[in-house]
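Here's a solo chain for you in structure tokens, the form predicted alone.
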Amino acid sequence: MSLEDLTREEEALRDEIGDLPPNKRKRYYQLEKEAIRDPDTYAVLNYFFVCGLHHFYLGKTRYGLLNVFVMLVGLVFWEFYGFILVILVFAVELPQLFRSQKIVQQYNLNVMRETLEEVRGEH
């Protein structure tokens, strides 16, 4: 999905949120504020700590732990071809740095959808 498609989807969700009754809309924004993530923070975590901290930021603990583990093993065994593991981590994570805006916008859209459904279901 393109960034433009994601933006259109976000606008449609914002329209749905705007149609909520005032008390539910207020509750929605309270919940959203806690769960929404910043693309710049994600990018900085990826750029400076390519070992996987950006995955933790989005709640993807398994990916984060896997990245940290592979990076540490690569650094510990650097002289025994561990540099290959480190290069592998960089090769996998570097494209995510350049797609950080899209990745985080998709995450935030999922948060928005889930939060909207939660608020609609509340009595």
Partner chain sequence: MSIKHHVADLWHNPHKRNWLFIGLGALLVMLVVVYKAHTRWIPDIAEYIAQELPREIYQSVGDSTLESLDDEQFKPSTLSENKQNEIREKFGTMVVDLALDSTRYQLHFRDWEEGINAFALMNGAIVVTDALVQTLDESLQLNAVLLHEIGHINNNHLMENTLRVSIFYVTLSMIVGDISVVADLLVEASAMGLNFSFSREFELEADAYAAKSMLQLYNTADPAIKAFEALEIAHQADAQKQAEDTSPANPDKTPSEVYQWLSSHPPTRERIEHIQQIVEESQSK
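Since the structure is predicted, the reported quantities are computational estimates derived from the model, not experimental observations. Numbering follows the first chain given and starts at 1.
As for the form predicted in complex with its partner chain, it is not shown, yet the points below apply to it.
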Using a 4.5 angstroms cut-off on non-hydrogen atoms, would residue 85 count as touching its partner chain in the predicted complex?
no
Is residue 49 close enough to its partner chain in the predicted complex to count, meaning some heavy atom within 4.5 Å?
yes
Would you classify residue 63 as touching its partner chain in the predicted complex, given a 4.5 Å non-hydrogen atom cut-off?
no
Proximity of residue 78 to its partner chain in the predicted complex, heavy atoms at 4.5 Å
yes
Listed residue (53, 97, 31, 89) with a non-hydrogen atom within 4.5 angstroms of its partner chain in the predicted complex:
53
Taking 43, 105 and 109 together, does each of them reach its partner chain in the predicted complex with some heavy atom inside 4.5 Å?
no
